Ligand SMILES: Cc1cc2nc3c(=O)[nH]c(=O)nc-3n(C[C@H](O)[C@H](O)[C@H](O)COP(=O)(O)OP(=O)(O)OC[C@H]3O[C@@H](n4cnc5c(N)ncnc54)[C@H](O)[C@@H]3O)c2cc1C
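What follows is a single chain, given as structure tokens, in the form predicted on its own.
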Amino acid sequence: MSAAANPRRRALLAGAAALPWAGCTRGAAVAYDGSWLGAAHERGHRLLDASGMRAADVHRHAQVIVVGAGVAGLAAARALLHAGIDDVHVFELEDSAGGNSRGHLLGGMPCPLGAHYLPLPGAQAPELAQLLAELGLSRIEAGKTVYDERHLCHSPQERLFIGGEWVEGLLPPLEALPSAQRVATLQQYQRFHAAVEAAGRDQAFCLPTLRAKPSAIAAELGKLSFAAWLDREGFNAPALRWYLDYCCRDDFGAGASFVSAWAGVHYFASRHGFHAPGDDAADPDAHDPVLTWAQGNAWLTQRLAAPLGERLHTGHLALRVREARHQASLEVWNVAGQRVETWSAGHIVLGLPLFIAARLFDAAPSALQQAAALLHHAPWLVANLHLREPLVDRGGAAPAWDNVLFDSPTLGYVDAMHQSTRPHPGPTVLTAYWALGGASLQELRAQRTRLLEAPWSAWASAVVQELERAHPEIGTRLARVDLMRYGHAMAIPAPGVQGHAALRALIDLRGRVRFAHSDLSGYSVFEEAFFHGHRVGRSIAQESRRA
């Protein structure tokens, strides 16, 4: 049975749409406070109508300008600084750097506002491995890379709330399923394991994807949705389909009916594989290690941004980019100064989502127009919940870093204090995630509208109600709920996206204006963003040395 045909799944999606509006009626009963975080989305929307802004008041020059202080933009700036190009200025719409990897402080405790972990890099990502070494996260011992255990996720790492109790790991265990489903589910777990192993041979799937070897299997998988491929291959066990849909929402922001089969297989084949019960690697205590911090990947972006100092200009909205033969220029709106500034440079790096980059040109390059029309971006909600006291431990699997609810429209939560070494439980911050890309473009658009229009109280109530399934007492222990909304958080790797000619053309483009963003890979993860930023920064530095 496909995910789209699953009545329980349809009910969950409908519930996800209705919950925020239902919460509006109970605002008076909320016993906690909170607010929206980040710049108001109207700041970014101002780009759509910049006609009323006066002429530039300030004219300045830099050797290289980077627009966007997300992971890609920061990586580009880092590569330029390492190459000896010091006159680099970075402009960011928000009031802090980091993009989807920013952090927050709540109740005196750091917590993430977006991405919250980083898998250890593979052999195809030496640039990222070098960054981790520079930051003191890894070292070489006896010819092997060893990671600092203080920064690796502490055990227990994951647990799942299913059948009214917590169990170890996230793949639904057979013993938690109806007895009539267990044999067929185990067989499908094992078959899917074999399919991932076969697809992942010969480096057909790797991070970054630009370094993957051409593969007929990968090309075929890129043409149809993951749900359609699962249907075709006879993967219809409800537990497996829920888990695979959860993985798609977790990494790509949308469900298995929206993302491509390439993306669904890539999730496993490029990193940790898929481990069926009985496989040694399926042992809940044998997780693939990941790096994580209380503030999530903000730990990394804060360190990438620090060397820029005053060359990082936050609260600046890019308005227009113009490219000439010998230089390029950028117009920005300085929010604090309430003025337009014009900057010129030998090169401009656009570390922005491609649909935003396209709006900066009077006449955008054809490949950019095609790529911007090709990609759809999932909205996300990230909720940080400050608990005055710990939740009740009702037995089962012990409290973990990543805590997921089976058959939930949300992605569960991570515990910011899990990485601490305090000897006893106490106040903490839970960061709950809600990917709102849904199963279709129509659903995505409806969810984005709700995200931007429904009040804080409605969404906070919806998040708390969902967590009450596993923690009935959570509402009585809450002090504050701070919400972060991303209207266009991440590109969805839908069928036809991976390897599209327009994306490749932007990657290969040489000129005064370059593109560096995870959109170029067709989906959004730290590894891809860092790769594209580093790639462009290094390329500009090499050209500058030859000039």
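Values in this document were obtained by computation on a predicted structure and should not be read as measured data. The numbering used is simple: start at 1 and walk along the sequence shown.
Omitted here: the form predicted in complex with the ligand. The next part is about that form.
With the partner removed from view, the residue among 481, 64, 497, 489 that has a non-hydrogen atom within 4.5 Å of the ligand in the model of the complex turns out to be 489. Residue 117 is the only one of 192, 268, 229, 117 with a heavy atom lying within 4.5 Å of the ligand in the model of the complex. Contact here is defined as any heavy atom lying within 4.5 Å of the ligand in the model of the complex, and by that definition not a single one of 160, 293 and 419 is a contact residue.
Only one segment in the set 340-348, 180-188, 92-100, 436-444 has residues whose heavy atoms sit within 4.5 Å of the ligand in the model of the complex; it is 92-100. For the chain shown alone, residue 521 is not a contact residue for the ligand in the model of the complex, no non-hydrogen atom being within 4.5 angstroms. Not displayed here, the ligand is approached by residue 72 to within 4.5 Å at the level of heavy atoms in the model of the complex.
Not displayed here, the ligand is kept clear of residue 121 by more than 4.5 Å at the level of heavy atoms in the model of the complex. Interface residue remark: residue 410 is not counted as part of the site for the ligand in the model of the complex, having no heavy atom within 4.5 Å.
Within 4.5 angstroms of the ligand in the model of the complex, the stretch 499-538 places a non-hydrogen atom from each of 517, 518, 524, 525, 526, 527, 529, taken in sequence order.
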